[in-house]
Structures are given as structure tokens and as C-alpha cells.
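Consider the single chain below, provided in C-alpha cells and representing the form predicted alone.
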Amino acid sequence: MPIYRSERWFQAGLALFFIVMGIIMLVPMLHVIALSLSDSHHATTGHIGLLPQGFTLDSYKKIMGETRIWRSLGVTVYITVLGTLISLFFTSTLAYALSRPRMPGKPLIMKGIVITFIFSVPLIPYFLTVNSLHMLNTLWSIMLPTALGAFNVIIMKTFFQGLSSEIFDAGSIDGCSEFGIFYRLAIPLSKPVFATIGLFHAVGQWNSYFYALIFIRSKELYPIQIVLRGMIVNADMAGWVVNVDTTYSAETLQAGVIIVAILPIVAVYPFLQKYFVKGAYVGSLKE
């Protein structure tokens, strides 16, 4: 197929746009990394660009020695892993049911799901519901209310609808129940969309701090984002013992905690990227 000059210009412009966007997003991150690896003298003078000045790992040694960081990281990993598994269970079972042709009440349920796109739940009824279910100051208040998202349900439902109906019919003829067809046939064929929805939800859970800020009272249950917010917004550096003799400062510690907070979820992304592209593409176009 011939490629016209206008299309080549369009592709070149598109590539240039994404390169510029990538640089815009990468530069602040490089600056934070450089700041976290610099000594306190250069950090306080504010002359650090994209490269560390007075290279030192003392900030990270100090951060790794803080119990609250490890505890909050453990809480974040817990709510991310368990919350993602819960979300995948609810999302996949609902989406699979809605993708089946004999599902009763499907139009009404779909209208109810689409309405949540338009109207979000007000905070006060949200809080009262969580409180009435006795989930206040528990990690369930972060994981359960956000487990089911309309966007994720529609993507997964569309993916299930794109699977071959003959395979499901063959499973039914062989005596599989609906759950057996879902467990033995639909799930193994749907790894891309499971990886995509899982990544969507895992990133959201890892970065969530608003609901933790509203529902969590105990500091032992704070996720890493709350600790990070306390350090940067509220300048809560109590117990970090920063004095003039150390090679780290409040600025380098804050930058180091930012890197520690984002590094695990960034490290997961390359392993799911190949599924992510296919799952999002197929799930969003076949409706």
C-alpha cells in the first residue's frame, strides 16, 4: 500500500509530539532522582538540574532505616495486590455475565453502570455508607468501594463478546456449566484484558491517598502516599533527625521517598506492557 506524503508528515508530526511529551514528563523525574542522590549542601542551594551534585546515597540509607516507610510500603503492597484481585473477580464475573446473550435484565444493568459514568457518588453519602458497614479505619474502606469501575466493566465485557461463541457452545455441549465455561475457557483466553484491567486498578490503588485520608485514622494503616503527603505538604519530618552534620536534608529525603513510592509500580509495568496494549485496544474497539 503506497504511503502518501501527507501521511508521512502526519506520522512524523505525531512522533515529534510524543517525543516532546515524553521529554516534558521525563525531565521532572530526572530532577527528582538527581536531587535524591545529591548532598545537603547542593540541595539547599537549589543548583541541581538533571545530574546529582555531590553524589551520595545517604538519603536512601536514611529512608530504608525508617520503620514507617517499610510499614506504609507494606500496607500499599497489601491493598494493591488484594484490592486488584478483588477488583478482577468482581469485574470479570459481572462483565462475563453481561456478555452472555441469555443474561436477564442486561439492558437495565448496563444503564445503571453507564449512569455511574455521568454521576459520581457524593462524598457524604459515601462516607456514611462506609461507616454504616463498619469499614471505617480499616483497609477494606480503600479496597472494596473502589473494586468495581464502570469503565473496566465495559472494556472487559467488550473483550468477552469478542471471543468465539463456538468455543463457549462446545463447552456447553461437553457439559460445562456457565461457571465452568467462565473458569475453564473465558479466563485462559482473556489474559490480555485481565492484565490491562489489573494494571489500571493496581496503579490506581498504589497512588490512592484521598480515600485513605478520609477513612483511615490509625497511622499504622497509612499507605505510602499518605506518608509522602505528610512529608511534602505538611512538612512532617518529625523523627527524621536532620541536622547540619548529615549529608542529607529535608529536600533530598522528600525526593528519595518520592522515588521509593513510585519505583515498585513502575517496575511492574514492563512485564504487563505487551498484554496492556492488546487488551486495551481490543477491549475498547469491538463494542
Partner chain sequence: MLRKLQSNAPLALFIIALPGMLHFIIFKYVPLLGNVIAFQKYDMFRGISGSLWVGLDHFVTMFQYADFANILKNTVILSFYRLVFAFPAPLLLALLLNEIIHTTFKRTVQTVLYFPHFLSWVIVGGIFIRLLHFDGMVNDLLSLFGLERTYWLQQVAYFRTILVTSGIWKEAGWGTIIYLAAIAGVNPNLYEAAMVDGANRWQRMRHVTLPALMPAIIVLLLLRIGHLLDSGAEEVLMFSNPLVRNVAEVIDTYVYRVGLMDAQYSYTTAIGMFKSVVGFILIVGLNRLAKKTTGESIY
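Since the model is a prediction, treat every value here as computed from it, not as a measurement. Residue numbers count along the first chain shown, from 1.
Separately, the form predicted in complex with its partner chain exists; it is not shown, and the next lines address it.
The candidate spot formed by 55, 67 and 216 lies out of contact with its partner chain in the predicted complex, as no residue has a heavy atom within 4.5 Å of it.
Contact between residue 18 and its partner chain in the predicted complex is found at the 4.5 Å heavy atom cutoff. Using a 4.5 angstroms limit between non-hydrogen atoms, residue 192 is distant from its partner chain in the predicted complex. At the 4.5 Å threshold, heavy atoms of residue 145 reach its partner chain in the predicted complex. When its partner chain is considered in the predicted complex, residue 168 lies well away from it, no heavy atom lying within 4.5 Å. Residues from 12 to 28 that approach its partner chain in the predicted complex with a non-hydrogen atom closer than or equal to 4.5 Å are 14, 15, 17, 18, 19, 21, 22, 24, 25, 26, 27, 28, in the order they occur in the chain.
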